[in-house]
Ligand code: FUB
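One chain is shown next in structure tokens, namely the form predicted on its own.
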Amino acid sequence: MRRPNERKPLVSHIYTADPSAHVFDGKIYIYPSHDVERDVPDDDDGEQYMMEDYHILSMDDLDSPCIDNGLALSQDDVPWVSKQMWAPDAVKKNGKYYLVFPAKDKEGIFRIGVAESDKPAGPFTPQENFIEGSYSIDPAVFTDKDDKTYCYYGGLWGGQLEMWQSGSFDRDAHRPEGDEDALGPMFAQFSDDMTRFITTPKHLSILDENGKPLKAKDEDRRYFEGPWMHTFKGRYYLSYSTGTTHFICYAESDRPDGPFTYKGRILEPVKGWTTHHSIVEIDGQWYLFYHDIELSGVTHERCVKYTKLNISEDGTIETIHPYD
């Protein structure tokens, strides 16, 4: 039996997407992007996604009303941002809460910034500049059992990940295609104070069942955007969106930086073009937070939902069909 709120929009007074869910201080907090209504044509670079700020959502438990805690951070608060505050994440560290977010800088290049608060719902105070050496989108922040904190990030096409293959930004960079190796997400370790990367960012490898890198043409399995990390029985599970084929898939490793071996699908396509998720354990049960366009029917006006996630003892994740 499903919970009363399960697979239903958690809020309907604003459009929300890309939910990063966490349990902080015994309460559920959801860090989404905030979609806005704009009459902008859809394109492959995502110009229709013109988000300007963040509102943090919270729930006392999964059966409680979902609360919008108001404006947590605006692009007007961040000196280096020009536009497009896309999918964020958050982490609790050293008694503080850190909102980690992507946005375009004054030159139109996606960077990753960090903002700090004493409270999980903010408001957040941004650091003056973006993280040096950061680029692209969709940061997911994971703190391991040894208290090391990592950032997984990167998105193709409008997320600009391909444009950094040479080590510097090139808008005309070749996109891997056909039998070329697919690009994996980026991985770097944060400093303890969350002000910088202390390792050089690197691409993660996602391998097939034969130990070979997934190819660019393998759009059902290769990485596109939206990474997430969770652990289960000492193993690391990298999950992500395939973008063009609209699946959420996952891969497994014995290390936080891989290589990862592809294992299967978590979520079949939702209504809308994008799919973006997070995975969190709440009271001994796993849940998937995700979005679709049920409320609006418009690609860039999405709504956040959650549903139960079944994980077997061996770590295998049962595929969710979102409208069954």
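All values derive from a computational prediction rather than experimental measurement. In this text, residue numbers run from 1 along the sequence as written.
The same protein has a further form, the form predicted in complex with beta-L-arabinofuranose, not shown here; the description that follows concerns it.
Can you tell me if Tyr49 lies within 4.5 angstroms of beta-L-arabinofuranose in the predicted complex, counting non-hydrogen atoms only?
Flag for Tyr49 set to yes.
Answer for Ser33 alone: is it within 4.5 Å of beta-L-arabinofuranose in the predicted complex, judged on heavy atom distances?
Looking in the predicted complex, residue contacts with beta-L-arabinofuranose include Ser33, since a heavy atom lies within 4.5 Å.
Quick one: is Tyr250 in contact with beta-L-arabinofuranose in the predicted complex, heavy atoms, 4.5 Å cut-off?
Taking the distances in the predicted complex, the answer for Tyr250 is no, it never comes within 4.5 Å of beta-L-arabinofuranose.
In the predicted complex, does Tyr135 come within 4.5 Å of beta-L-arabinofuranose, counting heavy atoms only?
Residue-level check for Tyr135: no, no contact with beta-L-arabinofuranose.
What is the one choice in Tyr237, Tyr97, Trp164, Trp86 with a heavy atom within 4.5 Å of beta-L-arabinofuranose in the predicted complex?
Only one listed residue qualifies here, and that residue is Trp86.
Within 4.5 angstroms, counting heavy atoms, which one of the listed stretches 22-30, 65-73, 251-259, 269-277 is next to beta-L-arabinofuranose in the predicted complex?
Flagged stretch: 269-277.
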